[in-house]
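First, one chain by itself: the form predicted alone, in structure tokens.
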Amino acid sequence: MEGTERIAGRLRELYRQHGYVQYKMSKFEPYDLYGRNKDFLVSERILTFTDTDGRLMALKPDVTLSIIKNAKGGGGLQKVYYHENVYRVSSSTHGFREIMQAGLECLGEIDLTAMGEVLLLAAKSLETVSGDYLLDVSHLGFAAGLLDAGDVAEADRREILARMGEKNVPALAARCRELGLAERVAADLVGLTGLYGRPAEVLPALRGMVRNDRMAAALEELEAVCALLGDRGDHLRLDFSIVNDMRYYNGFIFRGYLPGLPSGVLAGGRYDNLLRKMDRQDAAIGFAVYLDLLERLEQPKERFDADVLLLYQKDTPPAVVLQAAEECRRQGRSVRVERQAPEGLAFRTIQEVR
């Protein structure tokens, strides 16, 4: 697999080709931005310090919040991409670590074309790393419509969504009974949680669940975007166990997966509700690629340390040795210079200088 930096470069070029401009941010920003929106963050734990002027600052745990804060309102679309490091608590070590991300955000008047382009760019981003990928897509409007049909109170929705995200069908069914939901609504929530597959397999089942206009609109968007993805549809799966906090997210949410990695390497969604919380009336959709996870993919081992092992004797003039090495490098070969070959060194060619 290509190195992470090379992949990041290809992603930046991909986003530039689609009219996105780079967003740069400092390593730290005022804490209050993140403190007010902790529920939106992957982890509520934030690294902070007091600046020389007494302000509480935070090492950036997120890029999206900074983009929203600094983006200008108004008509049209703002399209930005980024390649930044964020600072979060690792789920494996439970300590803070620096995490490399690349991604994009599209803000403004989001229509079907904009949504389709972002989903397509998510697929292309995964494709940049490996042709063997899966993009799992959900739509919160469908689950929200079912909860509306069951008159589920806002306070109970997060727990139901959590059970759906865990694919914990027994706990979900039990909670639906506790809330006194109609059997048909409860059965649809359980059925929706278990749905997974290609659009051609899942969409017919969704059509039979539509109970209201909200669900109909969600289904219409799903069908349209699946059609827009075209030949990349073989890598597309619909999965309604992908859920996010409805206080921030609405519409499409999606995850990207690569073989050899236990967790998703890409995550994104539409988050109009976050903009409302930050007193903005426009819409937004975007995603992040977790570049640090790519380092876990198995790397091919080099058979050789260098193309040429250049051996020299003790009395060989240094200028002769270095000149011979440079000549090899001008021919496009890598060269390792040694007075004697270290034990176990692998090489293609030995060239002696006397």
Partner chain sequence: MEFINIALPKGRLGEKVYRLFAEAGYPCPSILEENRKLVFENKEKGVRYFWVKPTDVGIYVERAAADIGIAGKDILLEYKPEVYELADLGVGRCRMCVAGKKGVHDSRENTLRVATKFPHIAKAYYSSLSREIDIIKLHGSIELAPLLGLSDVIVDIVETGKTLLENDLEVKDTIVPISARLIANKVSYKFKHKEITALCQRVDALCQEGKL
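Positions refer to the first chain, counted from 1. Because the structure is a prediction, the values reported are computed rather than measured.
Just so you know, the form predicted together with its partner chain exists too; it's not on screen, but the next bit is about it.
S.K.: Given that its partner chain is not shown alongside this chain, does residue 95 nevertheless sit within 4.5 Å of it in the predicted complex, heavy atom to heavy atom?
M.R.: Taking the distances in the predicted complex, the answer for residue 95 is no, it never comes within 4.5 Å of its partner chain.
S.K.: Heavy atoms within 4.5 Å of its partner chain in the predicted complex: does residue 148 have any?
M.R.: Residue 148: no, not in contact with its partner chain in the predicted complex.
S.K.: Please check if residue 165 has a heavy atom lying within 4.5 Å of any heavy atom of its partner chain in the predicted complex.
M.R.: Result yes; residue 165 sits at the interface with its partner chain in the predicted complex.
S.K.: Residue-level contact is defined here as any heavy atom of the residue lying within 4.5 Å of its partner chain in the predicted complex; does residue 191 satisfy this criterion?
M.R.: Residue-level check for residue 191: no, no contact with its partner chain.
S.K.: So which of 203, 187, 261, 217 reaches within 4.5 angstroms of its partner chain in the predicted complex, heavy atom to heavy atom?
M.R.: Comparing distances to its partner chain in the predicted complex, the residue within 4.5 Å is 261.
S.K.: Can you pick out, from 136, 282, 221, 117, the residue that has a heavy atom within 4.5 Å of its partner chain in the predicted complex?
M.R.: Exactly one listed residue reaches within 4.5 Å, namely 136.
S.K.: State yes only if every one of 5, 23 and 76 has a non-hydrogen atom within 4.5 Å of its partner chain in the predicted complex; otherwise state no.
M.R.: The answer is no; none of 5, 23 and 76 reaches its partner chain.
S.K.: With its partner chain left out here, work out from 117 to 125, 262 to 270, 98 to 106, 177 to 185 which stretch has heavy atoms within 4.5 Å of it in the predicted complex.
M.R.: Answer to the contact question: 262 to 270.
S.K.: If you apply a 4.5 angstroms heavy atom cut-off, which residues in 233 to 258 are near its partner chain in the predicted complex?
M.R.: If the 4.5 Å heavy-atom criterion is applied to its partner chain in the predicted complex, 233 to 258 yields 239, 241, 257, 258.
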